[in-house]
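One chain comes next, on its own, written out as structure tokens in the form predicted on its own.
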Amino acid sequence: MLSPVNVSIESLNLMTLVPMLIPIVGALLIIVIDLFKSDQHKSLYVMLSLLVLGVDFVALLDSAGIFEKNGTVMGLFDVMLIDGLAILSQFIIVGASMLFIPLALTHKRFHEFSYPEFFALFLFMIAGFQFMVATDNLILIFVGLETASLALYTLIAMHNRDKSFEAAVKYFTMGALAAGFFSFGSMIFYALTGSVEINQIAAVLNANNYEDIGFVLVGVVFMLASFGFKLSMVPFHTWTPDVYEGSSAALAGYMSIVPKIAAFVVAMRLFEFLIHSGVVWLEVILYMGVVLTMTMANVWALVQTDVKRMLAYSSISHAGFVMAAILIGTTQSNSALFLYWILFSFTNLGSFSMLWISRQKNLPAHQQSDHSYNKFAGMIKTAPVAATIMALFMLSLAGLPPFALFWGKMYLISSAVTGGYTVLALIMALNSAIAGYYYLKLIVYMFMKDPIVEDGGHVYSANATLPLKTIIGFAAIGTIFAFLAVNWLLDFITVFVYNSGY
């Protein structure tokens, strides 16, 4: 006879769920408001989303306090895992989302922002990413991944251009393949160990001394393919630039930051214990993936004629650069990953926001695409402030001191040298030099060429409003004055990473 199971509320530790439930409740609130009072102005939903994300950020600060006091906290039948990695990545997810959402307050009317569903889906997507990073349970990671991905496909399609539908279908196809590979990989690890929790999988594989190494490698291949699609690693990146091109510039900038930090954290949890256990094959494959992604993305970026596609390949290259931290697998490199991505968030969101304020609905005859290099020719003469800010973001992406990404690149390369990966450090430094060429190419167009059309610089701010200018200003301040906060930020990150055992 089955005996009843008694589960006390205290043992479930439901506080671990609070940061994820806040955006879900916010999304449902937006849907209910629209149900009872439709045709509200988009500014109401922007403010509601910002309010919800602000409350979420405060809840994360509370979680950070609990982690500092008690260490890693488990909850909900040990499915939820609140450790330093979960808290740091959620800070980046929620912080970047708070910078993104005011970009909906554009001068021109865009189809997607008139729907409250856009903002509801956006909040559901954030909850999905938060679930992904706040667990080591492969099933919950999969649920979070799919919740976020399904919302993101729809957000891309809502931009309502021919290329947007194409982008959404391509992203859906890549996401479906990633989901399939992830579930196959999870199935193999479950068959080998009888568990879907990463720490249990690691313990069982260590206990039996990796005797089923052949099956482990098959599982790893599936997982690598899955994260290859999610992180746009070469050769899984193929449609990524098309997806960025078809999305709005603001959403493309967002996609280059938030989905990737969630995937990085899961990859860190899964691959680092395998690398530390001496699975040499995985180390070799990751090494090749990192080098190929950095180098090939840079080579492709060199030949682009559209600034948005150039920034798409640039984002792929940065993802490869940061993936090196997981290959190195030391506390220093893991801390460098979070530092790099925080600094990258400011710079890249600023770059894409500059494209967003120059968004045109109808292309003039001399432009082949919405953000061709020719559009920015002679920008310094017609819009000197905008040209200077754009150049600032380009110099930061190139890794020039004293701008934000210089410190991220320097610390990540030094972690490679410290970890014994000297050749990798040289390849990373060389790739930073190659990348400088295509960033400077845009600066040359803006500062050294004559304007094709004299319109008083209106084209560069056709979509600008005060909220958009404020976000760009915030990103520029973060990019210029990052050096003042780098040491404090690094200390903060290192404590959280080290206390999580990474």
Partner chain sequence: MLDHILSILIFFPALAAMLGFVVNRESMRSYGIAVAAIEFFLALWLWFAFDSNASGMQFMETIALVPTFGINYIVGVDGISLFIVILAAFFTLIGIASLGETKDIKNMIITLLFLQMTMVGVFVALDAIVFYVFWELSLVPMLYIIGAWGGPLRIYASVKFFLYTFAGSLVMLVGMLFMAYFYYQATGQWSFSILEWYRLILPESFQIWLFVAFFIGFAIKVPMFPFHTWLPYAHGQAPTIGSVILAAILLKMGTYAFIRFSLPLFPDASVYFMYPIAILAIIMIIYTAMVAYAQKDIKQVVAYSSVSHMGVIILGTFALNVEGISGSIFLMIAHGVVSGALFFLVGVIYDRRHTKLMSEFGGLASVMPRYATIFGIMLMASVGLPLTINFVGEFLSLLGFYKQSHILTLLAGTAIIVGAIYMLAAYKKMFFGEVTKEENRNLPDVNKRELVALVPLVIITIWLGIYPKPVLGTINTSVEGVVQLMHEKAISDEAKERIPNLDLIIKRTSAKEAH
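Just so it is clear, the structure is predicted and the values come from calculations on it, not from any experiment. Residue numbers count along the first chain shown, from 1.
The same protein also has a form predicted together with its partner chain, omitted here; what follows describes it.
Annotation: in the model of the complex, residues V266, I285 and M288 none come within 4.5 Å of its partner chain through any heavy atom.
For the chain shown alone, I413 is a contact residue for its partner chain in the model of the complex, at least one non-hydrogen atom being within 4.5 angstroms. Residue contact with its partner chain in the model of the complex: S432 places a heavy atom within 4.5 Å of it. Using a 4.5 angstroms threshold between heavy atoms, S11 stays clear of its partner chain in the model of the complex.
Contact check for A202: every heavy atom lies farther than 4.5 Å from its partner chain in the model of the complex.
Of the residues given (A179, A425, L140, M296), A425 alone sits with a heavy atom within 4.5 Å of its partner chain in the model of the complex.
In summary, among the residues V221, M98, L400, I275, the only one with a non-hydrogen atom within 4.5 Å of its partner chain in the model of the complex is L400. The candidate stretches are 84 to 92, 242 to 250, 390 to 398, 148 to 156, and the one lying within 4.5 Å of its partner chain in the model of the complex by heavy atoms is 390 to 398. Contacts of stretch 482 to 502 with its partner chain in the model of the complex, defined by any heavy atom lying within 4.5 Å, are made by F483, V486, N487, L490, D491, listed in sequence order.
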